[in-house]
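The chain below stands alone and is given as structure tokens, in the form predicted on its own.
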């Protein structure tokens, strides 16, 4: 599975300390991501833990999201160490999260599953974008551009984890480089 290095589309903006209970509430953890029907269903519940009044994240008729990019603040993915959190975001159709910082386990689960790119911003982007703004995220150049005015924001390079995510996660990458047999 190869992922694109340029991602374009509307962004969904969150603030600081978005925990895994907001990303995928515990009542949906009985869904098994390796079963295709349950994987899709898991995606339809991504960000279901957000309070009422928030813009609906999975608003497409098929239960997916129109937002391929999430922008967050500090400590994104804090809380319990559920592997389902990045899987639910990826199953919904999100391709990347750009945040100021991550809870370590969320970052590691994002890389291990290969579902989404967890990119770190050099500035507080959740104050620079609003939900629905169009953006272009360039993984290779470590930039995100706000389309409305062409403003380019620098990101920290993702480094050696990029090929792991592009391959589809740790096991797919290990097979790709011959570390384990197919």
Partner chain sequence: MTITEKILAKAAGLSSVKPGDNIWVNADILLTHDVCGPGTIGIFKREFGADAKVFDKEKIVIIPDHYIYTKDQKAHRNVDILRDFVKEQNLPCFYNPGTDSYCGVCHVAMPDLGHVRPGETIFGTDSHTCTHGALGAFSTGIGNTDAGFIMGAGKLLIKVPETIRFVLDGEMPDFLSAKDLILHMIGDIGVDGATYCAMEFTGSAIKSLSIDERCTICNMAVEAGAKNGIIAADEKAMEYVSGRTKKPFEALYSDDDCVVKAEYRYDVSKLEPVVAKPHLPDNKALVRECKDIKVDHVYIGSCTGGKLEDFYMAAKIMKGRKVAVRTLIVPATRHVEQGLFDTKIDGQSLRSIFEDAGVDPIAPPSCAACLGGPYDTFGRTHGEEVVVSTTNRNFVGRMGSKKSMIYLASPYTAAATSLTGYITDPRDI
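Residue numbers count along the first chain shown, from 1. Note that the structure is predicted; figures quoted are calculated from it, not measured. Basically, rigid core = biggest C-alpha set you can superpose within 1.5 Å across the two forms.
A second form of this protein, the form predicted in complex with the partner chain, is not displayed here; the remarks below concern that form.
Answer with one of 152, 32, 134, 140: the residue that has a non-hydrogen atom within 4.5 Å of the partner chain in the predicted complex.
Spelling it out, the residue with a heavy atom inside the cut-off is 32.
Is it the case that 99, 122 and 167 all touch the partner chain in the predicted complex, with a non-hydrogen atom of each within 4.5 angstroms?
Contact check failed for every one of 99, 122 and 167.
May I ask you to state whether residue 162 is within 4.5 Å of the partner chain in the predicted complex, using heavy atom distances?
Although the partner chain is absent here, residue 162 would stay clear of it in the predicted complex, with no heavy atoms inside 4.5 Å.
I'd like to check something about residue 66: if you look in the predicted complex, is any of its heavy atoms closer than or equal to 4.5 Å to a heavy atom of the partner chain?
No - in the predicted complex, heavy atoms of residue 66 and the partner chain never come within 4.5 Å of each other.
Quick one: does residue 180 come within 4.5 Å of the partner chain in the predicted complex, counting heavy atoms only?
Result yes; residue 180 sits at the interface with the partner chain in the predicted complex.
Taking the shortest heavy atom distance, is residue 93 within 4.5 Å of the partner chain in the predicted complex?
No, residue 93 is distant from the partner.
Within 40-59, which residues have a heavy atom closer than or equal to 4.5 Å from the partner chain in the predicted complex?
Those in contact are 48, 49, 50, 51, 52.
Is the C-alpha displacement of residue 172 equal to or greater than 2 Å between the shown form and the other one once the rigid core has been superposed?
Yes, the C-alpha position differs by at least 2 Å between the shown form and the other one.
Is the shift of residue 162 between the shown form and the other one large enough to count as movement, that is, does its C-alpha move by 2 Å or more after the core is superposed?
Shift of 2 Å or more: yes.
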